[in-house]
Structures are given as structure tokens and as C-alpha cells.
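Have a look below at one chain only, the form predicted alone, in C-alpha cells format.
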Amino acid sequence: MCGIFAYLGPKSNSAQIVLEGLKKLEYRGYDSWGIACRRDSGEIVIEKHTGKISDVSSLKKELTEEPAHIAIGHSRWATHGGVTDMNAHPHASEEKEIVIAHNGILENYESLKKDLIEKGHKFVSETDTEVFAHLIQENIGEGFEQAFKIALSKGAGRYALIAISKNEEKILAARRGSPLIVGTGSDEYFIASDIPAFLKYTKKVMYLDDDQMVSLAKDGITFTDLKTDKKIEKRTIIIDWDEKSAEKGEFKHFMLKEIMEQKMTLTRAINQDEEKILEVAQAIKTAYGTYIVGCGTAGKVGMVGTYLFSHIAQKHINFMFGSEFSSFLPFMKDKSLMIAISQSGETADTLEAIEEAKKKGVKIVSIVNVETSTMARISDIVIPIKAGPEKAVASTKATTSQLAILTLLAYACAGKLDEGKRLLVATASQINDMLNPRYENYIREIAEKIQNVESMYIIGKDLNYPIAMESAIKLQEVSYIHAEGFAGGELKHGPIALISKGTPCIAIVANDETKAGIISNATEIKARGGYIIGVSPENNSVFDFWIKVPDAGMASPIVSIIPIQILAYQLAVLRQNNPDMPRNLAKSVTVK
């Protein structure tokens, strides 16, 4: 969510550069935007608006009439405070001495704001972000950089923070949990939430990691570890991307393009009509039995849903595959509810299940990507996942969007919709950070090691048991490797007999109460010669190869499936398969 972009360099039209960069970040989702530029005289000028950046071709003359070699910009998705010009970023301290933009949530802003007001600071917005500007101003006597560090030390929560001062020709930025990437050009610097913002100017990037800050100035760039306050060196990475090319853009295949698009599609999925989400939640709470129906990948998503509703809302939800639905039809009543899940909205087995349920007066809710599909037309309520066209047969971005919708519904059922939104916004930001060339290349290393195996297995527990089965689908679909997903605790009841020396086994390990159990299961596999690939927020001695994912709580299924999507893609390419068009499969299964 939200987008940050800033420029420092020899070009004097910095505000216009930032405007164009923000347009490249529109996919991140936003409801307002703003730009601040530091004129060469030291004066900082700000322009802020609600609405679309793409509708704007030029800025007010105050930002462009005088040379300005420093500018910062932000596209905001409202959390604290309504969608107004005043609440839009950037935010300033008194006299615009300090101006900042911020992604994330300052969790302790209320106590900090109260203290600052008592010290005489005056606030003009409803946001948590403005507190950061005043915190820096409060300690400006220590110097801009030191005041910036003090403000960071006082703030709690996740952030990507960027600041300028009217007294210094530099940009300061730091992150904890929310992405920031530095681009380096010819005597010029860019910093952004994602690479497309500055790809027109440079392909050289440096990644800012958690609890690090960067200072951009005319005389160079400096990175600092905020925990030790020591300077650190950063490696420059060359991004092999074209700004624009064919329909696939810079990607060789639609599958990879769509995996990487999950930076954007999750944000769109979260941005739902709140009244509709609450309407469906109420229907679930009052229904005489709620049944989730789906096929293939959508079916595995539905299985995850049963766990989500149990944990979050303490609500029992039934699941069945569309092709097996007829066996459960006798339980359906006119007060029952069906939640049907499909990417295409044309899945034959699911459509038949809906039609049979409608004959009994069952209310139908569809979670679907194609809003003009048959499923959408025959449903009582449609929740669009907004993933955009998904052309690869193996579903990736639609899958995580569907998971996001079910997570929202579970939180809404529990009366905690805002909490669910915050979790998913944070998760979307972390996924944006995951999906970079370093991560992709790292996963390719393990693909190269296991590309010639005949079989592999995936284990998970609780929320990630269905994800283990979905992981197997992805590997089957495009790599053509025999893959199976199991509940970790079921290994000893048969499947462990399949393990021999060198057998690859993926262990999906969430950082929750299931962790010890699934680690124990992985240990049992390793003791019999298995090669353990851990997908987890933390490394463990049992892992032979570790793929790191964010610690995302109830959103763990979303972050856990993404690296396995990448692994499946890499295996397909290495095995010279076409990942977009796997054999024997079609995108929309319109026959029974």
C-alpha cells in the first residue's frame, strides 16, 4: 500500500520528476497524493490532493517556477484520518522546517502527540504520520540526522519514512518492515517503494533493509545501521528490466509476471466495498450452515478459509470441492449460505453446485476475478478479487487475492474488520519487499539443485496444511514433478514410507503454536534421509535450505505460497517446460 518516491540530483525540475514517478506507483493503491520540493533558496513548497495522480499532467507553478533539486512525494491509502487534502502526505512541522512522507502505522502516536502538544506543537491533520515531523523538529537542535534518529527511536510499529529539511540539501530515509529502494544514477539519487518509479532513469539499485537509514546528498550516499549507529556498505545491483516492452513487460512468461504482480493485486483485493464485506459477514453469522465450494486451487483456498473462520471468528464453516458437492446437498436449507470461489467464474463443477444449491433457496456469494462471468451473474452477492487478467494456467495472483478476501471476511465476522485490514495492508507491504530479483535468484538456486528429482513432498499444519496441498498443485502443474502435500502429523501414518535419501521435502513453518510440531515432523523426515527445504520466518537447524518469508500471523498462507509459486516456475523453466501453458490443462475448466 501507499507509494514513496523522492529525487535528489542535478535536474532542477525535481517536483515534475517525482510526479511522474508517483504515477508509476499507482498500482500500489491510494486515495490521495502529494509532493514537496525544496527550492534552492531553502524554502519548501507542498502540493497535496485527493483523487488520481494519472489525471494530473503538471503541478502548481509554486513547485515549478523556481529551480528545485530535491523533491519527495507520496501516494496515500488512508488509515488514520479521512481522505482529505489536509491528511494527504507529505506532512510538515511548524514553518515547514521539516517535511516528511511515511508508509506504515505509528502505533504509539497518541501518547507522542499528547506529549508534543504539551510542549507547544500544533497539529493540522488527523494522521499518525504528522507526529514524526514534529518529533524531528523537537530535537532539531541535535542536527537533522540525529533528530531523525531520535524520532525513529521513539516510534513503535512498521514504517518507511523519508524526510527533508529546509536547512540542509539532503534526503534522509529509513525503514522497518515497509520497503524502500535506492536508485543511483549519474550524480543523482532516487528512493522509492518500488523500482518502476525510477526505472526510466537508472537500473542501479541498493536495497534498504530493516532498521537501516540512508542519507542522500550531493556529495554521496551513506547507509547507517540504526541498531549500532555504524556506517555500512551496500552492494549495487543492476536490474535487468526494460521500462516497457511487450504485453509480458520485462518478463519471459506470464506466470512470472503474475507472481510479481502480487505486489499490486493484494492491495486491490484488500480495497473492497466495506459495506459488502460486512453484509456477507452478517449473512455468515445468521446462516443455517455456511458452505465454501471451489475446485483445484480455489478449493485449497476454501480449505484455508475453514481454518481462518475457526481461529479468527470461532465460526464453523464447511468446505467441499465442487465435484463432490452433491453428496452434501441434503444438508442445504433455504437459510444456508454458499460461498463459491473461482478465478474465471466459469468452473463447471462449481457452477453446477451453485445451481443445485439455488434450487433449495440457498443464498450465493461468489468470490471471483471475472465480474462478467456466469458465476457472478447467478450469485446474490459478488466480491471481486480485482486481480486483473491472469493468463498463465497456474493460478498465482488470483490465489493470494482469494485468500485475502476470506481473511477479511473472517475478521469481519469477528467484528474486527479494521484489524484484518491492517494485517493485510502490512502483509501486502512485506510481499512487495519479498518480490525482488534477489529473492527470485535465491529460489532459483534450490530449483537448480532439485530440478531432476522424480518426487517431492510438502508438509504443513493448520492454516498451512491446505497450502501444502496447493504447493503440490503448483509443482505438478508446471514442473511435472510428482508432488504431494500432507498434514505434517499424518506422516507417520503412511507417507513417511515414501522418504528415501535425498528426497526433497518442503516444510511450511509458521511462527505460531504449530511451529514445534511441524519442526518435529521435518526432523522425522530428515532422520530418514530427506532433504528439508524450510519456508519460514526463521531459520532452523533442521533446514538444509531456508526460504525466508515474513512473519504474517493469520496471513501466513498468503506469504507461504508465494516462494513455492516461484520455485515451481523456476523448475518449469529449468526443465524446459512452458509454465504458461502446461500440458493437459486449461485456464478455465468449463467441462465436468
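In case it trips you up, residue 1 is the first one in the sequence shown, and so on. Being a predicted model, the structure only gives us computed values, none of them experimental.
The protein also exists as the form predicted together with a small molecule; that form is not presented, and the subsequent description refers to it.
Contact between residue 171 and the small molecule in the predicted bound form is not found at the 4.5 Å heavy atom cutoff. Taking non-hydrogen atoms only, residue 344 approaches the small molecule to within 4.5 angstroms in the predicted bound form. For residue 298, a non-hydrogen atom is located within 4.5 Å of the small molecule in the predicted bound form, even though that partner is not displayed.
The closest heavy atom approach of residue 395 to the small molecule in the predicted bound form falls within 4.5 Å.
Proximity to the small molecule in the predicted bound form, defined as a heavy atom within 4.5 Å, holds among 364, 473, 112, 105 only for 473. With the partner removed from view, the residue among 462, 477, 138, 261 that has a non-hydrogen atom within 4.5 Å of the small molecule in the predicted bound form turns out to be 477. Here the chain stands alone, but in the predicted bound form its contact with the small molecule, taken as any heavy atom within 4.5 Å, falls in 387-395 among 387-395, 504-512, 191-199, 82-90. One change in the predicted bound form concerns residue 437 and residue 77, whose Cα atoms lie at least 3 Å farther apart than in this form.
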